[in-house]
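The chain that follows stands alone, in the form predicted on its own, written as structure tokens.
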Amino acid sequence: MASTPTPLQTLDQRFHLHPFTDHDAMHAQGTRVIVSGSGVFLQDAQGRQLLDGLAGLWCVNVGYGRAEITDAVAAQMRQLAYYPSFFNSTTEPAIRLAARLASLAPPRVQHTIFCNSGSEANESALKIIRGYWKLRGQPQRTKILSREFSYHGVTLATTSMTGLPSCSAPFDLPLPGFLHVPAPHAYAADRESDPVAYGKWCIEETARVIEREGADTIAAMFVEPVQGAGGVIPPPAGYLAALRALCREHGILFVADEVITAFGRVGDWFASNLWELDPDLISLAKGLTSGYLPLGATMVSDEIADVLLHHGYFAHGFTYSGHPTTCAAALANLDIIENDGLIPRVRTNLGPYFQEKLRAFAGHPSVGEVRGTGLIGALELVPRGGKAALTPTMMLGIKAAALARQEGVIVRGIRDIVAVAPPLTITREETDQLFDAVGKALDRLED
């Protein structure tokens, strides 16, 4: 039974619409109010400490309470809190951040336009792509490919790209011209015994869609190197290289949606570097500031930038594109990632340890499959009757996440999946604490 709502919970219920929430269910229990954070831990309004096993929303890469970022933000706000990058003007943090990203990204991707979120980064990419093909004399290239189980945002267009019916169906989306091809989610297709072969079939099916639609009508394909919100789906061996080659063969621009995977989570600054994707565009957000302030970015190749830069007025951007304070936060965040050696730490130390602890659940009776790479992972859950006994309404991941919270850790429940992606600063001891709590939650799942 829920306790009497606090004044804050009452105000929340009266005035606040939450994203991706069943409000009746939430308010029946009372909104969870988080009041502070330090390292990988949060504290709620009841004084309870929780280990954040999802890094906020896949984003707090450097952990909570980093004074380096708050000090940089305060200094920038004292000097110049805001000025736009309109009117042939900009600010020093925006310039320095664009240059910093160019130094870290794949060598062909050197130009950046800033925005406020991953959704806007992908929306910007869509407009840039349409404008690019029009300037290239191919305005018929308007169709967009993405994959089932993908997540690319929540605007009308980016929801249309997102391959999750739970996101698109309530709004009668997708819009025309957005095409979904199979994702290499072998477990969902009952092909988990040979994920590489299933990945090859996905490539073949994507090729068939391109042939059916006409390659000269397709503008671009958006690809998360590791599909995140769709269930943490790492690519099988050879799949991403084959997908990139297929796009290149047909002149289709390849967009790496790295909103989750960039800035260290998979053991490199960019997953595009790790898998040698050579993308034409990259979408960024989340780990760019570790969530300390909202900031997104769309990076484009030199070829695309050259067309945009030398064909007149570029009619796109936002009031807060290149906001100096958020860019200052990003620069301080990137300094922490570099100075603390977080990327090699994920690649050679914490990432392998995290995956070892994650994969120890492979024999658990409630686990049907374990997936992950670096500091991101997922457990596919099954009832006592096994995978064949699953029904669409079980939502075992949601139940397990609630039980894990009772054990003192925050993980994400997605359908019948538990997703885990802690801050890159997590220690081995904290990793043990995280997975000990997940184990206790799984043991209680069938109670």
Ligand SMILES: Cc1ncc(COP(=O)(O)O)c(C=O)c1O
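Bear in mind the structure is a predicted one, so any value in this text is a computation, not a measurement. Numbers follow the displayed sequence, beginning with 1.
Separately, the form predicted in complex with the named molecule exists; it is not shown, and the next lines address it.
Student: Classify Asn122 as contacting or not contacting the named molecule in the model of the complex by the rule of any non-hydrogen atom within 4.5 angstroms, answering yes or no.
Tutor: Result yes; Asn122 sits at the interface with the named molecule in the model of the complex.
Student: In the model of the complex, does Gly153 have a heavy atom within 4.5 Å of the named molecule?
Tutor: Result yes; Gly153 sits at the interface with the named molecule in the model of the complex.
Student: Even though the partner isn't displayed, in the model of the complex is Val259 close enough to the named molecule, meaning a heavy atom within 4.5 Å?
Tutor: Contact check for Val259: yes, within 4.5 Å of the named molecule in the model of the complex.
Student: Check whether Lys286 has any heavy atom within 4.5 Å of a heavy atom of the named molecule in the model of the complex, and answer yes or no.
Tutor: Lys286: yes, in contact with the named molecule in the model of the complex.
Student: The chain here is shown without the named molecule. Which stretch in 202-210, 239-247, 94-102, 145-153 comes within 4.5 angstroms of it in the model of the complex, by heavy atom distance?
Tutor: Stretch 145-153 is the one.
Student: Report the residue, out of Gly118, Gly264, Pro184, Gly322, that has at least one non-hydrogen atom within 4.5 angstroms of the named molecule in the model of the complex.
Tutor: Contact with the named molecule in the model of the complex is made by Gly118 alone.
Student: Does anything in 198-212 come within 4.5 Å of the named molecule in the model of the complex by heavy atoms, and if so which residues, in order?
Tutor: Residues within 4.5 Å: none in this stretch.
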